[in-house]
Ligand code: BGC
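What follows is a single chain, given as structure tokens, in the form predicted on its own.
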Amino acid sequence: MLKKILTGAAIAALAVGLGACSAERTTSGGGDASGGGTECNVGIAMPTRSLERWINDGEQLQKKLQDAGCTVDLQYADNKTDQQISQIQNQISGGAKILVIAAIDGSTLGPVLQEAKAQNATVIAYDRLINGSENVDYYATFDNYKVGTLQGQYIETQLGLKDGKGPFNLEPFAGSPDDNNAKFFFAGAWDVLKPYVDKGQLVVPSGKSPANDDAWASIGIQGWASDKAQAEMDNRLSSFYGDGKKVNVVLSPNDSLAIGIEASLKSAGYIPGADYPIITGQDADKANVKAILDGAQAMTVWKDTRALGDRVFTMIQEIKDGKTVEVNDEKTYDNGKKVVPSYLLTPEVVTKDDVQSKLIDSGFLKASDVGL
């Protein structure tokens, strides 16, 4: 049902610019594609280096493309929309024929994508949908509604909600209001959990309980900032949890918020153990995997971004060679101007029992990264 809410917020563009202080520019290879299509001159626009995943995503895709002989310009925009727009403009003027954009605020990119169209560049929205522009050719991401569903179902199972257990004290959080993916994460989880709130099996002492999926931004944490999540949790604990009342579960949409929430709980005297709250997450960041192993976080939803990079690499090769680009969803992602042809990958849950088999054995993380 909620997969139809896709018109709205913004997400997906990370661009390349020559003048940004944090920019990283690497160029190699190039030339016309064999078999027709377009020149393999690629601009990769990533939002920030402040989150581990964007560094990995950008550098891994860059290497694959360079190894394939493409010219590549990789940029990071410090989470500044104007900087990202400038970087994308520089990529276009530098001859990029394919743009891979993980947007900071996808709703602001219409004019620069019009410039890209004028230069016959193909635009792939990377993991975040770009809204309000007909000049988005493809979208590659994970099933973001499914991410939230997995978080909600995990809470449902662990608390025995289907069996009528409760009441439990829940504190829900949502992601950055300017990130189009954040509403899907929240909607997927809230569609599972809201019925239990309505029944009284889940109680939200802070009152931060959105009336419906569309109200998710009211509890959003701007910029996915850990310190802002920590401050918000501090406020909820001090204002609504006196006289021995305890939090039982926190819906955190990703790992960066979870880290802040966990720091707040620690300051308030919560210690991992049998009575410690269930805390969800997403991304399998190293610090959070350590927290899972230490009992300070229950789970994370793992999106193997290597698979996303591989898919985008394949899309670029198909564009370069003039072939039909493979997609598996042509109905869901309406950006307000068009339904963007999309390729969705499947996320999966990781708990303490899965860290070795899923994250270490697959090579996603090293054992030494998480203290194993």
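Quick note: we count residues from 1 along the sequence shown, nothing fancier. These numbers come from a predicted model, not from an experiment.
Another form, the form predicted in complex with beta-D-glucopyranose, is not on view; read the next lines as being about it.
With the partner left out here, beta-D-glucopyranose still marks one of 62 to 70, 333 to 341, 320 to 328, 46 to 54 in the model of the complex; by a 4.5 Å heavy atom cut-off that stretch is 46 to 54. Taking non-hydrogen atoms only, E262 never approaches beta-D-glucopyranose to within 4.5 angstroms in the model of the complex.
Proximity of W224 to beta-D-glucopyranose in the model of the complex: non-hydrogen atoms within 4.5 Å are present. In the model of the complex, beta-D-glucopyranose stays beyond 4.5 Å of every heavy atom belonging to K183. At least one heavy atom of Q282 is located within 4.5 Å of beta-D-glucopyranose in the model of the complex. N254 is the sole member of Q91, N254, Q151, Q84 with a non-hydrogen atom lying within 4.5 angstroms of beta-D-glucopyranose in the model of the complex. No residues of 66 to 83 lie near beta-D-glucopyranose in the model of the complex, the criterion being any heavy atom within 4.5 Å.
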